[in-house]
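Coming up is one lone chain in structure tokens, specifically the form predicted on its own.
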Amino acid sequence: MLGHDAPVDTPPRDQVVDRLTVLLTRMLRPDAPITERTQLMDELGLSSSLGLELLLALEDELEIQIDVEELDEDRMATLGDLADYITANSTPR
């Protein structure tokens, strides 16, 4: 595996970050640019229902299935944290 824990055929982390950034910008229309350090709940006010909507949209766009069993607020504090989780916990459809 090329030095990372992501399963084969999952999208690269940078693609996950890019799509999350686009989706969050479209959904929330924030005042400041979204970066990997952006606090999803504290800065953007991402609610659990919007978080679910975000994950479903990402699954559709990247044609993946995200395992949300262990996903909690700590694993999605920032956009970078969420991208790490998705990269490690998703499988192609």
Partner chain sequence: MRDAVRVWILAAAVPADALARYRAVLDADERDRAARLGTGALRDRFTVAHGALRVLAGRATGAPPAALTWCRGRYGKPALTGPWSGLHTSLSYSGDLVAVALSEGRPVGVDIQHVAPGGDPVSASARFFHPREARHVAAGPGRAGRALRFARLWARKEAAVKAAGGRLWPNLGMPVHRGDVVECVDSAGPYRLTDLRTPAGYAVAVALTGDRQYAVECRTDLGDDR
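The model shown is predicted, which means the values in this text are computed figures rather than measured ones. Residue numbers count along the first chain shown, from 1.
Another form, the form predicted in complex with its partner chain, is not on view; read the next lines as being about it.
query = For the spot marked by L44, L55 and Q65, is every residue within 4.5 Å of its partner chain in the predicted complex through some heavy atom?
reply = Checking in the predicted complex: L44, L55 and Q65 are all within 4.5 Å of its partner chain.
inquiry  = Within 4.5 Å, heavy atoms only: does M76 come near its partner chain in the predicted complex?
reply    = So M76 counts as contacting its partner chain.
ask   = Could you tell me if D72 has a non-hydrogen atom within 4.5 Å of its partner chain in the predicted complex?
value = Yes.
message = With the partner left out here, check for me: in the predicted complex, does some heavy atom of E61 sit within 4.5 Å of its partner chain?
response = No, E61 is distant from the partner.
ask   = Wondering, does T35 line up within 4.5 Å of its partner chain in the predicted complex on heavy atoms?
value = Taking the distances in the predicted complex, the answer for T35 is no, it never comes within 4.5 Å of its partner chain.
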